[in-house]
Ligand code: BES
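To begin, one chain is listed below as structure tokens, in the form predicted on its own.
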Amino acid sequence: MLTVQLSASNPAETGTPLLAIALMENPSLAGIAAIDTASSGALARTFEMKDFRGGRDETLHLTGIAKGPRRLLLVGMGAVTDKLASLKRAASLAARQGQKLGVGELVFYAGQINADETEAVTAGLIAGAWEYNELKSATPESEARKPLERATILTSNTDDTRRGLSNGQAVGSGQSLARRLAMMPGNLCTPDYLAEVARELGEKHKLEVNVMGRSDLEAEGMGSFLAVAQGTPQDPKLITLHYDGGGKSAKPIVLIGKGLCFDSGGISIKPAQGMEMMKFDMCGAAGVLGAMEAIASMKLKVNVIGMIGATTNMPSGTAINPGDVVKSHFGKYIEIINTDAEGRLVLADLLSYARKFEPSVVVDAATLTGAVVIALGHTATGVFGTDEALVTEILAAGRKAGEPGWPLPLWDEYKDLIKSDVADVKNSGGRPAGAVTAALFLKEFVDGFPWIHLDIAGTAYSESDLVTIPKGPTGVPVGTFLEFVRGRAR
């Protein structure tokens, strides 16, 4: 992960290979006149000729500077309405450009910034520098560029900004972990591997970690979870991580993540085209692990339990069939209409199991439905909940994290779509209101605690370049989880 530090140095005098300057729309020399002098008036000429106007994501690279920084990278923030979000985006873009240029290290300057802004810049720098190169052969030495390894933020080096730096590093570490896990191919990021990562987090942060396998799930009566896992030889895992930052009597927040390490659709098999993207069907689980990393790093004063249901959904001679009926941990019988509606079967048993922790609130995240992508595209997460105030709270957390959500209904009028002729409920209501009926299915297994469901199918990964980060995993829902927990910390 990128190493980030603070410095109160004069930006015009820093000898960095790259000085990235974040500028608002219609920039002036205010605050950067000394840098202009060091560049022999290059900035003044650039602004005068309108070669750089400070539009959002606009960049201009100037090189050949005689003294001070060897290169300048101007990064536009546009008309700033949310400074934290704008700074984070500019920092991410700066780091990504620095990575492409092969400078090895950079300095980021946006004038004097406070603790929250320092946190945003730090998290942005780490996000922009992140790459997944573990499975690529080394570039020939003659063609290799220096990877971006260090970044310095120019601002006052105070207790407050150092706290912001530390928090930003925690956010960046959590999101980097989630993105790495999501990017790994399904033959490497298996249920066993997720359990191994959980144990490593436990050792690092002194968390209690429990891992249940197939025989344990059978003993617990988790017939819904096991129905998904019965088509694969890989051992399914129910993983729990306990962070005890609050008082012993304080009820925990429970975060639940869907961990389908690969989803073929089972007997209701998916089309071959694009099926490789189904390695991302464990982004909810990756989000839980990333959030637990960040929460523990920040030492938040709150109790949190992270839960992951990990398996693969495969077609085989032992796989569940459409029309089968299984008994859930909650005791309700489920008719399997579509074996590709498997994530909700896993989550149903996890939501039921969560009762044993007597939680103050449960938040689950899952790449659950294609329907939410049709409804909201790739911009907003679908948000469902049993309490309007709780929905408002989670929406605010998402906005603060830069992971916007949008509320969708859980009206009883939709329940007829998941009524079964032979069981208590069926796992698919068909195409109409598919995201809603999936959430209503989950609600059947919620009892005794407030609950929020995040459908992140459209936001957890991207099939196109997002400018500040490449195509692939976005880190959602780490930020939403984290900001929600921070909001409840004492």
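Note that the structure is a prediction, hence the values are computed from the model and not measured. Heads up: residue numbers just count along the shown sequence, starting at 1.
Not pictured, yet referred to below: the form predicted in complex with the ligand.
- When the ligand is considered in the predicted bound form, Glu342 lines it closely, a heavy atom lying within 4.5 Å.
- Not displayed here, the ligand is approached by Lys258 to within 4.5 Å at the level of heavy atoms in the predicted bound form.
- When contacts are judged by a 4.5 Å heavy atom cut-off, Phe445 does not count as touching the ligand in the predicted bound form.
- Put simply, Lys270 is close to the ligand in the predicted bound form: some heavy atom of it is within 4.5 Å.
- Exactly one of the stretches 258-266, 119-127, 327-335, 237-245 approaches the ligand in the predicted bound form with heavy atoms within 4.5 Å, and it is 258-266.
- Of the candidates Ala319, Ala371, Leu177, Ala195, Ala371 is the one whose heavy atoms come within 4.5 Å of the ligand in the predicted bound form; the others do not.
- For the candidate set Thr367, Ser224, Thr311, Ser92, a heavy atom within 4.5 Å of the ligand in the predicted bound form is found for exactly one residue, namely Thr367.
- No residue in the set Ile35, Ile65 and Thr152 has a non-hydrogen atom no more than 4.5 Å from the ligand in the predicted bound form.
- Counting a residue when any of its non-hydrogen atoms is within 4.5 Å of the ligand in the predicted bound form, the hits in 268-306 run Lys270, Met278, Asp281.
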